[in-house]
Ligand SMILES: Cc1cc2nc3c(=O)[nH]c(=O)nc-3n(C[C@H](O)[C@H](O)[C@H](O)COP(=O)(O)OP(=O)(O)OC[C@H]3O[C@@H](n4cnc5c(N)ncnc54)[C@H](O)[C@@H]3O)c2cc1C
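Just one chain is shown here, as structure tokens, and it is the form predicted on its own.
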């Protein structure tokens, strides 16, 4: 009997297990996760779950009956691997053998080495993180959010709804500038400011103030801001340390081909989700990691089928991978939705409305349309999605 070990009990790992079964693999699957929870939906953690309290069971993904026999090992993540011996080692020292390996270990928040007390500092990646943060935010609480990406801005909106005073500190010129661009990012900043958020753009936190517990921050220009809650949302780091020593390309996540098969591995091995650096024929260019909600599902389905083929001794489907990246974000009453890869664009144009109202913004490079973002114009994006999908034709 063969054994597939899936490292990472999130959406990507779940989808690989389901895809393996759908492709006819009937033998043993072990799914390993460092959290105690079954796979659950993470986007609500910065929005609805943070605002109303976190019940993890309400966030669980539906699991297909085909994986009822999967062995779940939760609460102790993988810390090391040996591809020659075909084993992985868990934090509790358990050693699991495998015949095929799935890398679905995802990402974690980046933590900056800033001096000062640690109590009062919060990350937001897990349900437990959200539960801890929810207990700290109340009317009158002063919250400093480090980072003005989607997580930072969503937390800012939620904290304002909960009655907190909110300061956002970020090195970028405008919030969410990488996917939105400067013009739309500035318009979203104005929306936040109208709801009472204070922005400190082009700045960074130099020091946390206080003795045992954070009482504020000192910025790099000397400005001091009182705060009892700090939310650190300054980007992410791939969880690949456990793969070191195996001669794999870990320069930015884990390099895979169009079938999600890991490059340079001498064992049947695939990678999915945020940790996988994969090609996408719709947009060309080098392989990229894409941290969008739909990518674990798209790569998971592909990887499960490929791994089942490898275990049968067959060649996996290595045709072009053409998944459509998409994301959405709810901030106050505004709904931001996107298709494609606006972050690789070299120019943008407002195609409908204005950036301070419901609008559609197109993003282009030398190859043509590469992305679209709508604010409160969801129904108008369908033709753009179709146009972007035709890039692979």
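The model shown is predicted, which means the values in this text are computed figures rather than measured ones. Positions refer to the first chain, counted from 1.
One more form of this protein, predicted in complex with the named molecule, exists but is not displayed; see below.
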Problem - in the predicted complex, segment of 226-234, 94-102, 319-327, 158-166 with a heavy atom within 4.5 Å of the named molecule - result: 319-327
Problem - Check all three, 185, 343 and 363, heavy atom within 4.5 Å of the named molecule in the predicted complex - result: no
Exercise for the section: Would you mind picking the one in 255, 176, 88, 124 that has a heavy atom within 4.5 Å of the named molecule in the predicted complex? Expected result: 124
Handout entry: Non-hydrogen atom contact residue 151 with the named molecule in the predicted complex at 4.5 angstroms
Key = yes
Problem - residue 356, heavy atom within 4.5 angstroms of the named molecule in the predicted complex - result: no
Exercise for the section: Flag residue 78 as yes or no: does it have a non-hydrogen atom within 4.5 angstroms of any non-hydrogen atom of the named molecule in the predicted complex? Expected result: yes
Exercise for the section: Indicate whether the named molecule has at least one heavy atom within 4.5 Å of a heavy atom of residue 72 in the predicted complex. Expected result: no
Handout entry: Contacts with the named molecule in the predicted complex - residues in 28-52 whose heavy atoms fall within 4.5 Å
Key = 32, 33, 34, 35, 42, 43, 45, 46, 47
